[in-house]
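Below you'll find only one chain, the form predicted alone, shown as C-alpha cells.
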Amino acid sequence: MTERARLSGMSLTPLVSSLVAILMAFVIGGIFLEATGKDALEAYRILIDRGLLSNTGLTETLKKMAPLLIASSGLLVALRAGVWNIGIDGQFMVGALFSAVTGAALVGDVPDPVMWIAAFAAGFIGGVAWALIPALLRVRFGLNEIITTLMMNYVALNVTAWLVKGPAKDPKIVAPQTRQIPLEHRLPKIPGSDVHIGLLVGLVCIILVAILFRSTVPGFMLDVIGRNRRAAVHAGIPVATLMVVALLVSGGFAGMAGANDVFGVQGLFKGNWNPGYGFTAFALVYLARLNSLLIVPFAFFFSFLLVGGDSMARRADVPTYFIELLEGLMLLCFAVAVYLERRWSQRTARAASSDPATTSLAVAGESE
C-alpha cells in the first residue's frame, strides 16, 4: 500500500466508523423490538416508507431538517471550542417565543420580509439572552456549563409556559398560545416544492460556519481552544472571551431555529411546546464528526428518523420513545467505534514507525 493510499484510508475511517455505529444501533434496536414482540423488519419498512419514500414524508423530512440544521450549526461552534451547550432546547423555546411575539406585533403593519428579519433577529436575541447566564457563570465563577445550561432548559420550559399563559397570550383564544401568524404571512415555499425557505436559511448557516472554521482567524482560534485550552492560553488567545462568544452564538442559532419553526410550520408558540431538538442535534453533530459540511446529510437522516418514527409508532405499534432510544444507541455505538478507531490508529502508527520502508520514505521526504 502506498503512503498516499494509506492516508486516504485513514481520512475515511471516521466517516466509516460513524456509519457502522448507526448500523449497529439499528441492529440492536431491531433486537429490542423483536424481544418486545414487535416485527422489527416491518417497523423499519414503515420508517423508511413513511419518512423517505412517500412525497408527504419527504416534504416533512425536509421541513424538519431546517431547524435541525440551524441548531446544529450553532452547536458545532460551541463544541469545536470545547464548550458543552446542553441548553439547546431552552434557547430554542425562548427564541421561538420572542420571534412569535415579534411577528404577531408586526404582521400586517410592515412588509413580510421586514417582519421575517425582525422575527429571526428576535429569536437570535432570545437564544443569546438565555445562553448569557451560563456563559457568565462559566467565566466569572468557573461553573460547569453542562450543568447550568441543562438546568436552564427546565427554567425555560416553565418561564415560556407562564408567559404564554399571561402577558404573551392571545386574549381571543382560550388555549395558552400567542397570536397566530396568518399562513399567507409565513415563510414562502421554495419554488417547485412544498418546503419553506427556512431550509435555505439552514443551509446558509452551515455554509457560514464552514467558512468560519476553514478561512478565518477566529475559527482557527476556536479550534485551538477546543483542542488544547492550555496551549491556547500560552499562545495569547483570549480563551475566556471566545468561549463566551461560542456559547452565545450557539444559543443565538438555537433561538433562530425556534423562529424558523414558528414561521415555517407552527405559526405561533404554544404553552409547554418543546420539540426536543437538543439531544438530536448532539447525536447529529458528533456522528458528523464535528464536520460542518457532513452535518447536512446527517441532518437529513435524523429528520427522516423523526418523521418516519411518528408513523412507525402509530402503524407498527412501536413505543413512541423508540427513536430516542435509537439515537441513544447510536451515541453509545459511536463511543465504542471511536475507541476502536483510536486503538487501530495507534497500532497502525506503531507498525508504520517500525517499518523500514516507511522510515526511508520519511527520510527521503525530509531530504527533499
Partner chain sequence: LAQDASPEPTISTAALITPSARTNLGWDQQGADGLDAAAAATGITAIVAENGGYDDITPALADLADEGAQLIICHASGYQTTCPDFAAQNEGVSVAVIENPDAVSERVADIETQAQEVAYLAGVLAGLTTTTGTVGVVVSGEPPTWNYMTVGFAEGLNASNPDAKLIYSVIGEAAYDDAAGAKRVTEQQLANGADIIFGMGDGASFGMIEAIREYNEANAETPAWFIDVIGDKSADYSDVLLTSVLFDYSGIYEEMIRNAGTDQFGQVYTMNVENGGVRLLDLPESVPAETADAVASAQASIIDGSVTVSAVGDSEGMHAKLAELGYE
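Keep in mind the model is a prediction, meaning the values are calculated, not measured. Numbering follows the first chain given and starts at 1.
There is another form of this protein, the form predicted in complex with the partner chain, and it is not shown here; the text below is about that form.
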Exactly one stretch in 275-283, 102-110, 118-126, 292-300 has heavy atoms within 4.5 Å of the partner chain in the model of the complex; which is it?
275-283
Evaluate N158 for contact with the partner chain in the model of the complex, applying a 4.5 angstroms cut-off between non-hydrogen atoms, and reply yes or no.
yes
Residue contact check: V114 to the partner chain in the model of the complex, 4.5 Å heavy atom
no
Are any of the heavy atoms in K270 no more than 4.5 Å from a heavy atom of the partner chain in the model of the complex?
yes
Is it the case that H185, even though its partner is missing from this view, gets within 4.5 Å of the partner chain in the model of the complex, heavy atoms only?
no
What residues of 313-335, in sequence order, lie within 4.5 Å of the partner chain in the model of the complex by heavy atom?
R314, R315, T320, Y321
